[in-house]
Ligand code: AMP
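For reference, the chain that follows is the form predicted alone, supplied as structure tokens.
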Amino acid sequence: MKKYIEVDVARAMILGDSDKVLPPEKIDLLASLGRILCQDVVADRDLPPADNSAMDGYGLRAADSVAAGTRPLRLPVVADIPAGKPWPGQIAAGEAVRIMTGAPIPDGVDAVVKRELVEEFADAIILKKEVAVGNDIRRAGEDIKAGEIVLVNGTLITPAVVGMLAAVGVPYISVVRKPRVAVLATGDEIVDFGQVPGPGKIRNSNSFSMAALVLQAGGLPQVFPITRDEPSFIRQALLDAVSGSDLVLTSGGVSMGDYDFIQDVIRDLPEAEILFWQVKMKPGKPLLYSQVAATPIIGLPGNPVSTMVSFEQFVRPLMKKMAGFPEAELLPPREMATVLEDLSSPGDRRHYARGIARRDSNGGLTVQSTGLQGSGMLNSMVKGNCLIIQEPAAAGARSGDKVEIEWLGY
């Protein structure tokens, strides 16, 4: 077991041990948003399927409009063509048709002019400008050709992708299954959030912040009851959690106190291995990573801020990897920002200070801390939208210096 390792080394170990992407499942089109596609998708027809009008206007023969370059030209309107209703006729020389956006282009029409550019009457238009061949006509297949691969395996499903899937007639789609994540809080001092805490007790916030983070990261959380600080209870809870989950998260019980039993219990479980304990970061030092029967267990610290910061550094990237996201998209996005206050030296551990970043009207990015930075101060996470990263042994920062920030909830 490795002890007290660097953040990047710890994260690399966690991601390196989980090289499998979860299996696919077939789901309803709208439910696929934010998931990773597990198949290639082929267009069943041209898009658009036929030449159609790009505007509400009038279809005509471009050659007839040449005369409008020197004098106003009157053209009789011989038909109205709404979207979705092809007109079976064919215009003759000197005629026009009233046509709506998306309506099929009839025979004889090779240009469309916007209605704003003509003088309209009930049965005719007056054209004052020459129109080029193909003007405001969308050609069949100009977006997609029948038989074309429009989406490839591994694509992130965005709203535009959902629209494309609907356009090519795919109501159900194969995507990577969501990670099933067991959420387990330990501690005799915590009570359910619906209770009034007695002396020495606090409400259980960690289970719910962890479950919410799991949901935000695209997983399916299963929140277990609060587990007492007693090895037999912890053992049974862990065995139950491992049996039905892709990942187990615990909070509390991983530090050095007399009632921190998680590490000892895991060590005694069958098919168990503890890979590391303690990471050089603040907050979040007492973090435990282990596997039981090949299921990863990440023991997060008990302090609320430590729990959430550790989740962002280790759990969210792991969940994204399980869900099929490419390596380049696993880690939180970072930017440089101008700090608006002095920051003290982080000491010998990487410090993730909670910050509030704002972009000004010129695109410049500034950041300031949320205030007091204690690991039990959940309000610092409520106020913050980023983490200010301070590397170990740095001298601190002065107001006006550039610092690196990491966005939360990427």
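So that there is no doubt, residue numbering starts at 1 and follows the sequence shown. Everything quoted here is computed from the prediction, not taken from an experiment.
Omitted here: the form predicted together with the ligand. The next part is about that form.
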| query | finding |
| --- | --- |
| All of Ala185, Asn206 and Gly253 with a heavy atom within 4.5 Å of the ligand in the predicted bound form | yes |
| The single option of Ile202, Met336, Ala160, Ala294 touching the ligand in the predicted bound form, heavy atom within 4.5 Å | Ile202 |
| Option touching the ligand, based on a heavy atom within 4.5 Å in the predicted bound form, out of Pro283, Gly324, Pro317, Pro304 | Pro304 |
| Per-stretch contact check against the ligand in the predicted bound form, the hit in 271-279, 143-151, 185-193, 102-110 (non-hydrogen atom, 4.5 angstroms) | 185-193 |
| Contact of Asp260 with the ligand in the predicted bound form (heavy atom, 4.5 Å) | yes |
